[in-house]
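Coming up is one lone chain in structure tokens, specifically the form predicted on its own.
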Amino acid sequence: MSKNTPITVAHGDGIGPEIMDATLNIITSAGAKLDIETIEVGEQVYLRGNVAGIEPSAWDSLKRTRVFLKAPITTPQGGGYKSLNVATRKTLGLYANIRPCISYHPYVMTKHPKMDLVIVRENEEDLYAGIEHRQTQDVYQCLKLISRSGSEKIIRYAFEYAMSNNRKKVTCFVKDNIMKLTDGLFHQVYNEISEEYPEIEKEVWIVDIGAAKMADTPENFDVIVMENLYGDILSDVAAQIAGSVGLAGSSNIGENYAMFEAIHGSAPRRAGQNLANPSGLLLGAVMMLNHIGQSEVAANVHNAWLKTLEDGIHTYDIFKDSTSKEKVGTKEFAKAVVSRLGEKPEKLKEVSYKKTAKKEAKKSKTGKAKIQRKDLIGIDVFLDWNSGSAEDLGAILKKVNTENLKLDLISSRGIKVWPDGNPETYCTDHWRCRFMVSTDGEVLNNSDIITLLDRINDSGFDFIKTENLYNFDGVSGYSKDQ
């Protein structure tokens, strides 16, 4: 007799407790062997003064069970409250977010009856690092961080997922026509890793036209791998055009831990009314069962759920007079799925599970990249200055040149405004002043930077940020200005 698998469960906020009760009822009725530890996360924890929304004792449970089934939570507005999802993903190393987006035509209304794609989203970096600063009266910044190692992990995961699940193509969405270093790195790593999978079809799209094509002809895509922000936005779009965001489950996979959830929010306006559709969380739980090796139970639940859809037993959010037969509440929908356990869909595609996401995660480890020679050749100094034009600023800053560093250009929000700027270019109080090595081939050290900054400070300027400029093995490691 197989042992129970320990899992940590959070019932969440809003509709969370209702859909979690429905989900647990269905999977335990199907024979899931689980030892459930319950923790409190979300709104009430936040309001007790914990800005992370999770108590230290809850982390102890997560680290003990390594598997987290989480209902949606409510994050209070304002007050510096942090995203629990982001904190959990980054703390536990859940680098891969998997979101299947499938149409259930004709039982759920959609304009895309043949849609069956999976979005594999990087989960730990990009703009979701959440590193933001206010720098001047007018300008705020958010840092976009992309690493080679993070890109390697998620892209390899996407190809391993495709191999394990009989998927034929892995598409990459990027915006490297603009963000040539960060998105350019993601694209480069995709090209490198794709060579290891000759049996998988590959393609790359710029994210804007790629998103348009996904929304128009999603049947042309199979697995799509993306950075964090693009993946978050487009997985919601994909889920909605498949039929409803309320039907989409999600897994968050790392080397040692995993979290499973619905992709929708806590919908507090619908709470306590026995209206909510538990399908998204239920399909997240199905992914969890497959992950922990209870694949037969996962398939049994999934097929019973498909049969329920076929039979027209629908909650209010997907109920249509033309396709539905009975409008039911949360509890009644769960009972309908339980009553169909052991049955198979007749028209929708029957589901079977053979391999788990855990195996794919273990294959996703990467080695260390080759260390490159790193030469310091300049510095971008950012100023908060509002006392004249770009020409005025350039004339003043030329006087602070040092023996080893000279002013090369000034830009405002990435557009060069000195020398030879366009007077029509709109400038704020935020200036990037680029100083480069005076002699080609020379390499700077930190004392050269300090000397320059001392001279800028002595001239009365407020420098708010600096970025050193490096070449790596002779290749520029910084962006040019428009």
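One rule holds for the numbers: they count along the sequence shown, beginning at 1. A quick note: this is a predicted structure, and the numbers were derived from the prediction, not measured.
Here the subject shifts to the form predicted in complex with nicotinamide-adenine-dinucleotide, a form of this protein not shown in this document.
*Asks:* Do Gly246 and nicotinamide-adenine-dinucleotide come within 4.5 Å of each other in the predicted complex, heavy atoms counted?
*Replies:* Because a heavy atom of Gly246 falls inside 4.5 Å of nicotinamide-adenine-dinucleotide in the predicted complex, the answer is yes.
*Asks:* For Tyr316, is any heavy atom within 4.5 Å of nicotinamide-adenine-dinucleotide in the predicted complex, or not?
*Replies:* The answer is yes: Tyr316 has a heavy atom within 4.5 Å of nicotinamide-adenine-dinucleotide.
*Asks:* Using a 4.5 Å heavy atom cut-off, state whether Arg270 contacts nicotinamide-adenine-dinucleotide in the predicted complex.
*Replies:* Yes.
*Asks:* Residue-level question: is Ile119 within 4.5 Å of nicotinamide-adenine-dinucleotide in the predicted complex, judged on heavy atoms?
*Replies:* No, no contact at 4.5 Å.
*Asks:* So nicotinamide-adenine-dinucleotide isn't shown here. In the predicted complex, which residue out of Ile73, Val337, Ile155, Ala96 has a non-hydrogen atom within 4.5 Å of it?
*Replies:* Spelling it out, the residue with a heavy atom inside the cut-off is Ile73.
*Asks:* Can you pick out, from Asn85, Asn303, Ser324, Ser411, the residue that has a heavy atom within 4.5 Å of nicotinamide-adenine-dinucleotide in the predicted complex?
*Replies:* Contact with nicotinamide-adenine-dinucleotide in the predicted complex is made by Asn85 alone.
*Asks:* So if I measure heavy atom distances to nicotinamide-adenine-dinucleotide in the predicted complex, which of the stretches 125 to 133, 145 to 153, 255 to 263, 192 to 200 falls within 4.5 Å?
*Replies:* Within 4.5 Å of the partner lies stretch 255 to 263.
*Asks:* Residue by residue through 442 to 480, tell me which have a non-hydrogen atom within 4.5 angstroms of nicotinamide-adenine-dinucleotide in the predicted complex.
*Replies:* Heavy-atom contacts to nicotinamide-adenine-dinucleotide in the predicted complex: nothing from 442 to 480.
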